[in-house]
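Form predicted alone, single chain, as structure tokens, below.
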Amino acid sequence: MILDSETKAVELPEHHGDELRLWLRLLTCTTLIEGEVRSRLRERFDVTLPRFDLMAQLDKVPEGMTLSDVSKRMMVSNGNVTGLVERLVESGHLDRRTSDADRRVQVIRLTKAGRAEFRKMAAEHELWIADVFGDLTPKDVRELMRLLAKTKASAQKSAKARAG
């Protein structure tokens, strides 16, 4: 049996600090949940997680966004977004036009069909996530949210200090 990094760290705790074990636990949970969501999106809708994420960003802004804004929100390069956009335009999910303010800038938005299909996927996605966290009580969820917010703030503080 192949062990993940978290299991290895727990089995030999003297070789790993608590913070490292925490990092590995967070990474393991993220990987498990993301893998489950990817599988369900592929099986149920024949769509990739990056396509779903792009559509989710655009669903929040009906008037559309520039490719650069989408890239920033998704934390990926413009090149990664361009390929996704091309495929979604070809499939009729996205509409692309040149910005009125700057002819060099393209604005993308969901088509009516793209929005309807995304919302169907999003509704099921929400049920999947509820299923994944189904063994947690509402109190567990609130406590985990509190602790993750504290973790995020700590990570941001560390990154800011390192940046100078």
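Just so we're clear, the structure is a prediction, and the values are computed from it rather than from any experiment. One rule holds for the numbers: they count along the sequence shown, beginning at 1.
FYI, the form predicted in complex with a further copy of the same chain isn't displayed, but the following is about it.
Proximity to a further copy of the same chain in the model of the complex, taken as heavy atoms within 4.5 Å, picks out 125 to 133 from the listed stretches 63 to 71, 125 to 133, 109 to 117, 96 to 104. Looking at D46, you'd find every heavy atom of it more than 4.5 angstroms from a further copy of the same chain in the model of the complex. In the model of the complex, a further copy of the same chain lies within 4.5 Å of some heavy atom of L27. Taking non-hydrogen atoms only, M121 never approaches a further copy of the same chain to within 4.5 angstroms in the model of the complex. In the model of the complex, E36 approaches a further copy of the same chain with a heavy atom inside 4.5 Å.
For the stretch 125 to 160, the set of residues having any non-hydrogen atom within 4.5 angstroms of a further copy of the same chain in the model of the complex comprises H125, E126, L127, I129, A130, D131, V132, F133, G134, D135, L136, T137, D140, V141, E143, L144, M145, R146, L147, L148, A149, K150, T151, K152, S154, A155, Q156, K157, S158, A159, in sequence order.
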